[in-house]
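A lone chain, given as C-alpha cells: the form predicted alone.
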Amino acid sequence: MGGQPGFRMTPQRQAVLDAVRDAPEHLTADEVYARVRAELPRISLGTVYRSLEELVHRGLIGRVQGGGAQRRYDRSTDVHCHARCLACGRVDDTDVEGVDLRKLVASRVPGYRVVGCGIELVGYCPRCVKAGHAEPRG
C-alpha cells in the first residue's frame, strides 16, 4: 500500500480510507468529509476529494458513478454490480454469483482488453417504496 512508488499514506489519506472501509454503505465525498472531520477537524473538503481520487487510482477503494448521480465510494474493489435508488440515491451492492462481468463484456467488444466493468441497476429501494416515493410505472 504505502510502498507504491510516488505514493505516501498520509494521516489524511488513511483517515479517508478508513472512513470508506468502515462504512456499511457507499458514501459520497461529503459524507466521507463529515466522518473524517470528526477525527481531523482541520482537513479540507479539497483534501478529501483528492485523497478519494488517489485511493481509487491506487486500487484501494472503488468509485460508483452512474446516471448523473453523485459519485459514491465503495470499500470493495472487486467487480460487482450496484443497484441505485432513483428517489434517495442510496446505492447497494448486488450479487451476480457465477458471472464474470469482465469476460461477459469482453466477449461483446472484440479487440478490447477489458480491465473493468460496472453494471448499475436503477429503481427504488425498499425504504422509498414503503414510504410511497416510488413512481408508478405503466
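What you are looking at is a predicted structure, and each value in this text was computed from that prediction instead of being measured. Heads up: residue numbers just count along the shown sequence, starting at 1.
The discussion below concerns the form predicted in complex with the DNA, not included here.
- Residue A29 is the only one of A29, C81, L60, L86 with a heavy atom lying within 4.5 Å of the DNA in the predicted bound form.
- Within 4.5 Å of some heavy atom of the DNA in the predicted bound form lies at least one heavy atom of G46.
- The DNA in the predicted bound form comes within 4.5 Å of no heavy atom belonging to G132.
- In the predicted bound form, the DNA lies farther than 4.5 Å from every heavy atom of R108.
- Looking at R113, you'd find every heavy atom of it more than 4.5 angstroms from the DNA in the predicted bound form.
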